[in-house]
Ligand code: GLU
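One chain comes next, on its own, written out as structure tokens in the form predicted on its own.
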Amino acid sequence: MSSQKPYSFFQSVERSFDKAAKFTQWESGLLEQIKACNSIYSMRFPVKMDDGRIEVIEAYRIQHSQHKTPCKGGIRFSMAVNQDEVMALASLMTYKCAIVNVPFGGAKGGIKISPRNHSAYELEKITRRYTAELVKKNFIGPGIDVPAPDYGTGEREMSWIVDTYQSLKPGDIDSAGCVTGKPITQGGVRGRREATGLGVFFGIREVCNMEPVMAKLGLKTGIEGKTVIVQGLGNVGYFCAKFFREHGAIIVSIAEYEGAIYKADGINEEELFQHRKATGSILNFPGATNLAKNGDALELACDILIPAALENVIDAENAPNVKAKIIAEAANGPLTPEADEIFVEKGILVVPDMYLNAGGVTVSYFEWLKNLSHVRYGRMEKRFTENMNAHILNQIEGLTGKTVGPKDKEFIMHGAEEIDLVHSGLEETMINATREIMEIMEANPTIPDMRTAAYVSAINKVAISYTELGIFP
């Protein structure tokens, strides 16, 4: 039995980085700078609980890279939070932002608590105290470091953060930009909720439209008719299922922690969501077959498998049984490095999480821009566009003597709302990132997989930023 210790999360990220660095021309000192976490803030602070006892809270904020500012990354509330995990997630944020051309450095935050074990009032006190600690050390601000929601946090926590920041920084006109993922009323942006799932859809759709890639996998181009399995019916899994189904894919199986179901003619995610709400389980969904274990869904035959929930669900043990042609990593780290190697050998295409689930940070970037500009997207041009389109349509109808149908007329005259512009910007971002990664693979056929190509893309972009800053010659 091997005595070698397993890699920590941060060491695994470094391992992937080193694997990709061999395919670049940058010198070792610059590569070491890109890998290193620039600033690590580990804190302990006391909070009085509802029952009167004092609890000392362990928390972190880590800024991996300032090659672009501000830094960007979520805050998670979890008992699994530790310095190594936050360092790894911060570094992945650097690479993720670089790949999708979002001009942020990478950061991440974490508070070691279980949200379920605390009242809303306790969570508010912990969040506000954490924010105050970040302000003290200049680790938060619209031009410094911009947190966002992550595991265990959401709009509520972000509104506490922005309120605390504003109370400590009175008169900062751009203070709403100190955090993203806020409620719409507090400066949030429409389209943030579905952003990750929609980004996954846009990325996979672009891959499926690439004829050489599909031919290699023995598939037809396009999304329509492809069989899809989704693991997880949370926010990301739900929207992945929704967008794939709406564009003609067949969702044959969905898995959750309580079990998995299979339905050959397709599952409607909203009907399943309502069934689960009513019964407490996805099992016994009308017309579907229950599977013995939730892990069985991962091993069913399908065109696209979307792990959208937990880390490390596919490892050396079950990877040989996976029959999907494409694996779309909607979750963070659903495959182990050993599973990656098995899929390369089997000719299964893995579309990596580090760019595929970047929809969240992309739309967070749009929210930050909205906060700095102090105007809602579409407000300035929506009515002008509608009036202009109506005028053009009237002229065409007058010249041709033909009338456009009411549905087409409504579509043509429509001026872009905020959500239309956000979805359009996200689509552009994911298409460009997919093409860039594929071009890197085409230019260097020795690159083994898309994950390595994605790292190469990220390393090149960060390295260019450092050299242009004059830090490295």
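Just so we're on the same page, rigid core means the largest C-alpha set that superposes within 1.5 Å between forms. Residue positions are given as counts along the sequence shown, with the first one as 1. Keep in mind it's a predicted model, so treat the numbers as computed, not measured.
The form predicted in complex with this ligand is left out here; the points below concern that form.
The contact residue chosen from P334, P149, G197, P352 relative to this ligand in the predicted complex is P149, the criterion being a non-hydrogen atom within 4.5 angstroms. When this ligand is considered in the predicted complex, only one residue from T127, Q231, S364, N371 comes within 4.5 Å through any heavy atom, namely S364.
Proximity of A297 to this ligand in the predicted complex: non-hydrogen atoms within 4.5 Å are absent; the residue sits far from the partner. C302 falls outside the set of residues with a heavy atom inside 4.5 Å of this ligand in the predicted complex. With a 4.5 Å cutoff on heavy atoms, G360 counts as touching this ligand in the predicted complex.
Remark: K182 does not count among the residues lining this ligand in the predicted complex, judged by a heavy atom distance of 4.5 Å or less. Of the candidate stretches 30-38, 48-56, 420-428, 65-73, only 65-73 contains residues with a heavy atom within 4.5 Å of this ligand in the predicted complex. Of all the residues from 90-111, those having a non-hydrogen atom no more than 4.5 Å from this ligand in the predicted complex are M93, K96, K108. With the core superposed, V102 shows a C-alpha displacement below 2 Å between the shown form and the other one. If you fit the rigid core between the shown form and the other one, you'll see the Cα of A309 move by 2 angstroms or more. The Cα shift for G333 between the shown form and the other one, taken after rigid core superposition, is 2 angstroms or larger.
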